[in-house]
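The form predicted alone is given below as one chain in structure tokens.
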Amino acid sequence: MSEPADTRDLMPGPGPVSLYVHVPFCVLKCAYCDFHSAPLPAEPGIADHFAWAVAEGAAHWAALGALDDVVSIYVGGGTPTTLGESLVTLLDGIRDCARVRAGAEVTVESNPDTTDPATAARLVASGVTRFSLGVQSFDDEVLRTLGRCHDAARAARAATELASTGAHLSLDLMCGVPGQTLASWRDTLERAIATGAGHVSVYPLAVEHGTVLADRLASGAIGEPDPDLAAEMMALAEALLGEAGLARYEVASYARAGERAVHNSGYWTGRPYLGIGPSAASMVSAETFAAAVRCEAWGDPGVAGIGRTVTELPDGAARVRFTRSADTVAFLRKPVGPPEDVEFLTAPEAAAEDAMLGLRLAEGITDRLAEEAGACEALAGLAAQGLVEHAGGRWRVTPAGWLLGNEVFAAVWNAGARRGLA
């Protein structure tokens, strides 16, 4: 499935939508993880109950017409494959109420320690087209630092097992880990390439407050990450993966021809998405959100950011982002509930967001979007610094700009924000 060249063709509203399902269960929380996750409770029936709750949430949005054209489904976490057979039930429940486009990309995240060949085969039979395998490293010492449950040998076997299903395979790798060497990283990249995966995501380690890894760093148990070494590792990844036919198409994403992640690309091109599950995030048009407010009486006092009635939505609101409470018990009791955090964006702010995120892609953004975002002057300034370039009616990040991506993205967003306040 190809992506449109112009991000403005995918503004929220009636039309294509992506669906994300957050499964908060895992075997053990990794040392670096700050996502909402916890071990799957031992009570019998919890996995099936969770699958039911997801189906209830999907049915709610389907009744509002928000799932009339689903182009991608992504089941993430946590570790969705901890649900076992109930994961098949979950996906079947979504298909029973949503209009999933023929040929839609359906992705399930898995970890090596929860990859079961028989379950994987049943998932593919139920419509899964892609597995995203959390390998992170093929170095056992690095895996121990990250607090992973598997070793390198199990990761290699899991990649083989998932590839044998015929589904597309994506691997997640992590660099810049304390104690990780350039030689170790090269070996991980070469072993990842050897799996035949059609998609590889490469992320520099981010140390998040409140994680086990942050505590270990603060205590001096492990050394601080080296950002210069991480940058060198990212450059090596681009070189080795590119030589193997996996071209960089986004800041952290590499793919063989025809294997770009449709779901992830939607985040960078302004396609609306709906999140189901505890802590899941959504981004929809103001009209879709207003319909949910009317249906569920979310305008009652006490719901953050929402007026008492739909008529009190901010003037000029074009796009709404919101997140469901990170409370698994509450989700299981009431799959459709008011969001915790709500952010309204005007059309100019939405354009600025699309421009900022669109620059993550190798093809960049069109002149039209840059103008709508009010970012032309900022982009010209970045071009003078060698961080972006302009050619063929598009603005693109340069190789130097990739390494200073946060600076580039912030400049474009701030330019749009200032325009929105003018």
Partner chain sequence: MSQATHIRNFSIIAHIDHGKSTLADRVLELTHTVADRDMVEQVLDSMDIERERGITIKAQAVRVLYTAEDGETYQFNLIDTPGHVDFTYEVSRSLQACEGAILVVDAAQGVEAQTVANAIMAMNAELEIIPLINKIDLPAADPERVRHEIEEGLAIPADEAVLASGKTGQGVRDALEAVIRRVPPPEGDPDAPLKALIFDSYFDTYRGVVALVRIIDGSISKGEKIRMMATNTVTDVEEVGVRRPANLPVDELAFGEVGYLITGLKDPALVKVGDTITLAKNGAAEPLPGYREVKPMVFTGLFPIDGDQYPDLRDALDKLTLNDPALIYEPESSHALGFGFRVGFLGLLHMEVIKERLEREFDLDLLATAPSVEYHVFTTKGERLIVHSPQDMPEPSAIERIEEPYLKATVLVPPDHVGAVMELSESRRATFKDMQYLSATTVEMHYEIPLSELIMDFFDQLKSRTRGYASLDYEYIGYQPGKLVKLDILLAGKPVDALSFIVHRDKAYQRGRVLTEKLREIIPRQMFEVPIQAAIGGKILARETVRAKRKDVLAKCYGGDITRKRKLLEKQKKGKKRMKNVGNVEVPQDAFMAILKVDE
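Positions refer to the first chain, counted from 1. Since the structure is predicted, the reported quantities are computational estimates derived from the model, not experimental observations.
The form predicted in complex with the partner chain exists for this protein as well; it is not shown, and the discussion that follows is about that form.
Enquirer: Given the stretches 266 to 274, 86 to 94, 215 to 223, 161 to 169, which is the single one in contact with the partner chain in the predicted complex, using a heavy atom cutoff of 4.5 Å?
Expert: Of the stretches listed, the one contacting the partner is 266 to 274.
Enquirer: Is the partner chain close enough to Asp228, Met234 and Leu387 in the predicted complex that each of the three has a heavy atom within 4.5 Å of it?
Expert: Every residue of the spot touches the partner chain in the predicted complex.
Enquirer: If you check in the predicted complex, is Glu353 within 4.5 Å of the partner chain, heavy atoms only?
Expert: Glu353 belongs to the contact set for the partner chain.
Enquirer: Hey, in the predicted complex, is Arg260 touching the partner chain, heavy atoms inside 4.5 Å?
Expert: Arg260: no, not in contact with the partner chain in the predicted complex.
Enquirer: Classify Asp48 as contacting or not contacting the partner chain in the predicted complex by the rule of any non-hydrogen atom within 4.5 angstroms, answering yes or no.
Expert: No - in the predicted complex, heavy atoms of Asp48 and the partner chain never come within 4.5 Å of each other.
Enquirer: Can you check whether Arg321 is within 4.5 Å of the partner chain in the predicted complex, heavy atom basis?
Expert: Close contact exists here: in the predicted complex, Arg321 approaches the partner chain to within 4.5 Å, heavy atoms only.
Enquirer: Of these, Ala152, Val336, Val251, Ala326, which has a heavy atom no more than 4.5 Å from the partner chain in the predicted complex?
Expert: By the 4.5 Å heavy-atom cutoff, the listed residue in contact is Val251.
Enquirer: Only one of Leu345, Ala121, Leu241, Val100 comes within 4.5 Å of the partner chain in the predicted complex by heavy atoms, so just point that one out.
Expert: Answer to the contact question: Leu345.
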